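Here's a solo chain for you in structure tokens, the form predicted on its own.
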Amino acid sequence: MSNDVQEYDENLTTLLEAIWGEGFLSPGGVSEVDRYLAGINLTNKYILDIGCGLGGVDIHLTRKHKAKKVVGIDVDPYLINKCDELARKYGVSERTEFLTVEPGPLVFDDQTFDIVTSKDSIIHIPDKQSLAIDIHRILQNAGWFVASDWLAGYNDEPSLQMQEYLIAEGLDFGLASAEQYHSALESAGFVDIQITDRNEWYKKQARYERTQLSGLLYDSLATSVGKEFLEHEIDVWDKMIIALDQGQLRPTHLRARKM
């Protein structure tokens, strides 16, 4: 398999949903969403989801958390179409909106949203500083940025094993450290900044997922995505587990408030 940038195509999304649940392209599903949103009241709130993927977060925010409306944005029209399908399936189309956007500044007016969220998608946006400023701009006063993301456990160069994982993963990652995230949020004007590391949880969870890929899920996935693709993804998991064990890759919860 080449080292070209991997897209979230049908094969990859099928595999990730099999591991992480319907509508999810990152670990933990709805339970992890509830964990990073704990204590934040979403009832009747107007919410932006950056990098909405397959829409699992957005449907959950409307159905369980009673959000007034959730706007999900992504750069991939294929994913946006899947979001619309999921919203129709669960009858929340009137309370969700999914938009294909170009990379760059957020195309919303100042003080538009009560809450801005993102589940493990900001990793695809290299300029954390500009994004933090933009999120601060579009939030209402006293609004919250609450998210999870993949962070770098290093400030300079990744380890050889981390580099091998990134090459195998093949996605357009722009990782930053916890210190860089904190600095970006603080300089943008946010207060009450909280950064909660989830590495210990995911080190165990990733091993369980790896076992599922080569065990209970193997035959069905080999049929749906092909054996070659599945074997490649199992190799990605093997390399990711090493990076997690080294502390080079760190799943993390992020929270900050606009004054």
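Keep in mind it's a predicted model, so treat the numbers as computed, not measured. Residue numbers run from 1 along the displayed sequence.
Not pictured, yet referred to below: the form predicted in complex with a small molecule.
Proximity of Ile73 to the small molecule in the predicted bound form: non-hydrogen atoms within 4.5 Å are present. The closest non-hydrogen atom of Thr62 lies beyond 4.5 Å of the small molecule in the predicted bound form. Remark: Pro103 counts among the residues lining the small molecule in the predicted bound form, judged by a heavy atom distance of 4.5 Å or less. Taking the partner from the other structure, the small molecule in the predicted bound form has a heavy atom within 4.5 Å of a heavy atom of His124. Ile50 is the sole member of Ala67, Ile50, Val225, Leu213 with a non-hydrogen atom within 4.5 Å of the small molecule in the predicted bound form. Proximity to the small molecule in the predicted bound form, taken as a non-hydrogen atom within 4.5 angstroms, holds for one residue of Ile138, Val92, Leu79, Ala188, which is Leu79. Listed stretches are 84 to 92, 116 to 124, 176 to 184, 158 to 166; the contact stretch with the small molecule in the predicted bound form is 116 to 124, by a heavy atom cutoff of 4.5 Å.
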